[in-house]
Structure formats: C-alpha cells, structure tokens
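Only one chain comes next, encoded as structure tokens, the form predicted alone.
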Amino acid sequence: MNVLRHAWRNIWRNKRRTGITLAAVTLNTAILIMVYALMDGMIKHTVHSATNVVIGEVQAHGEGYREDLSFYKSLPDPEAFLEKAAANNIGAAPRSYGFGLVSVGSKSAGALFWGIDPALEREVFDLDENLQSGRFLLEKPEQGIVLGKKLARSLHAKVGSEIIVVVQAADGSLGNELYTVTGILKSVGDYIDRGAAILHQDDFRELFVSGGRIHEIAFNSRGKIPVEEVAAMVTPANQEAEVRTWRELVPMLNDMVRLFDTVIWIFGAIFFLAAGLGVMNTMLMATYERIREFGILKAIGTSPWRIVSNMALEALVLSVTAAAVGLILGLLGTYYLSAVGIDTSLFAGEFSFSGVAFDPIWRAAFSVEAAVVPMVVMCVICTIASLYPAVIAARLDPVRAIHHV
C-alpha cells in the first residue's frame, strides 16, 4: 500500500500536467467504449437484418435454382429438411416462388409471388413485424396478398385495393385470380420492395397449380447455433440440394461485416497510440524534473529495476484511474446510444446494402467485451509507454544526476 501511496503522490507533483493527461486518457477510453459499442451494434443489426427478417441463417434450394429461378427446380424432398430442423430445434420456413403480372386499375407490373406458411413465418422470422400499413396474412387462406413497398407505390395500391393477378401455371394453363391487399411492407430489401407479392401457401398452390412445390426452405436459430453448424444439422444425407449460409448467400454483406471488425481495430489503434504518447510525454517530463531525485536514489543503492518498476507503477496508477473514469463515462454514453441511437435518416435517408434494408436509427449494443477490452488495453499501452522514460531514469549517472540543475 505504501508503494501505491507513493506512486499516487508522485504523479500529482505537477497537477496541471497530470490533470491534462488524465483527462485525455479518460476521454480516449470513453470514446473507444462508445465507438466499439456502436460498431458492435451495427454488426449485430446487420446480421439481424440479414437473418431474422427474411433470409435466415441458412437456406436450402433445389439444384441450380438460384442460377435461373426456374419454377420447376424445386426441392425434391422438403419434408426431410423440415424433419432434420425440427429434430435440432431449428426454425424452418418453406417457401414457393413464381413470376407473374399484377395490376390495379390501369397500373400493372411484374412481381415475384411468394407462397408462404404465415404461421411458420411468424414463428421463425420477423417479416410480419415490418409492415408499413395493414396486417400480415392470416393462418387460413383468405385471398389476401402482401406487397413490397415500392411495388405497391408503382401500382398505386393501398390496403383494401383489389389486385388482378395473371400467371403461367405449372400445367401450362393461364392462372388468373383476384386478391385483396391486406398489408404493405416497410423497406425490407430492394428485391422485396420492388417485386414481392406474398400469398398464403394454399392460395399460391391453387394459382400456380404448383402441386406443392417448395423452392426454398429458410432456417433460423436466431443466433443460438453457429451458422456452419446449422447448415450441417439441417442437411439430410444423400439429398440433392444446395445448402448455403447467409455468408454465401449475401457475400457482400459478409465482407462489410468483416470490414467493420477491421475498422474497429484501426480506430482503436489510433486512440491507443495517442493515449500512449500522452502518458510517455508526461513521464518524460516528470523524469527530467526528478533527475536529482533519481541520482540520489541510485547513489544510496536503489537498483535500476526498482526505478523502472516504480515509474511503471506510477503510469499504471494514472492509466487505471483514467480508464475507470472513462469506463463510467463510456457506459453512460453507451446506454444513451442504445436507448436513443443516432438518426442517420437526416443525412442518409433509407439505406440498403446488398438487398438488405437497414434501420435508419443506429443504436449501440452493450457487451462486456466492448467495455472491458478498451479499458484493459489502454492500461497496458500506457504502462508500456512509460518504460522508455523509466529506462532513461534507471540509466542516469548518479554523480551527474545529483549535480543536475
């Protein structure tokens, strides 16, 4: 305790310089914690937008389906996938797809029709929570349809509008039907916004005479299981199908997540360097002010190692104090940023990347790692930075140091 008391007393010999260094390290720590939390929030929100709304963590398709989206390239045995998913407590939502025309009055457009099971979609994904107006499909078929935001806008369709649908059915006949718009989605992703027309699976089967074809099964454990393990768990043996994780399905998004990780470390390195240089400067100034003191210590037999360790302890006490205060400020800032967030719509508007739409409110995500790592690394860097002036003090010639003016 005496050693710590002496270290604390020594760092406050020059109150102004120590105060400035303390404030700088505190501010660096607080900013780093908040930036780490913001970037962590961005990464988690990115993965959430990619996996929990529509895409899922893993998808299974018939062989070659993603290359040409052929109606006839369906999964040969979708039940086998669903059974494997159920056995491993992994959510699974089967979907069917087909192209056709939709029209409202004099407006018409091409659309990609989705045949879904509304109950499973609600259970496994959050698509039903992303409605701009109206409601999602009911569990029983009702001749209802949910439209993507931009598709509804181009058709001038509103909730309650009657939609005429014309498609090429699987048996070669011309399928046509009248549906009522029950809901319009928010911006979910560009390919959904522009062309998605979502139907109940039974309505889809009747419209396309699909015979129960399933073109895609999306799996989602909601982060409970690593995506590579999900892919292995849901794939039946000897199944002719293509199983891909979201990283393979949306490679540009995967690259962006990795870029965020790199940016965090680059940003942190800059702040750690600045804090380390600040502490080094403080300790260097303290060393030149205490040259005579160090000379006397060496003259009475104090070892160079003792001088180095004492100065390193002073830097450690300074950095721990600053980091502790910075931790408190950083956690307060993180709480605010997680509760309120930053409204990016003021300068970016609606933003989507690689077909995935992002919430314009950028929120921080608290994690123990984001709080502790900056604090610990800051203390280590500042302590290491003090070694250079400590070595200078330890190598002083006692006679010259005592007579230093």
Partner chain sequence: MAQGVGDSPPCESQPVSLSLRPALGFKITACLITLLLALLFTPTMARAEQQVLTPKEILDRVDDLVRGDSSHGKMTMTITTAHWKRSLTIEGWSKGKDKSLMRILAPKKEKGTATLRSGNNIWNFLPKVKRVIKLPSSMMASSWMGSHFTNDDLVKESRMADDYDFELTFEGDKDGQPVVEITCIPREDAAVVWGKVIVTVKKNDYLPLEVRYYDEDLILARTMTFEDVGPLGGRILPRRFIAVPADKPRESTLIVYEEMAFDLELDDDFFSLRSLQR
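Residue numbers count along the first chain shown, from 1. Worth saying up front: this structure is predicted, and the values here are computed from it rather than measured.
If you look for the form predicted together with its partner chain, you will not find it shown, but the lines that follow are about it.
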- [ ] Would you kindly say which of 299, 324, 138, 209 lies with a heavy atom within 4.5 Å of its partner chain in the predicted complex?
- [x] 209
Task: 108, 88, 303, 309 - the one with a heavy atom within 4.5 Å of its partner chain in the predicted complex - done: 108
Task: is_contact(residue 340, its partner chain) in the predicted complex, heavy atom dist at most 4.5 Å - done: no
Task: Exercise: residue 317 in contact with its partner chain in the predicted complex, heavy atom 4.5 Å - done: no
Task: 4.5 angstroms heavy atom contact with its partner chain in the predicted complex for residue 69 - done: yes
Task: Partner proximity in the predicted complex: residue 177 to its partner chain, non-hydrogen atom cutoff 4.5 Å - done: yes
TODO: Considering its partner chain in the predicted complex, find the one stretch among 128 to 136, 169 to 177, 227 to 235, 324 to 332 with heavy atoms no farther than 4.5 Å from it.
DONE: 169 to 177
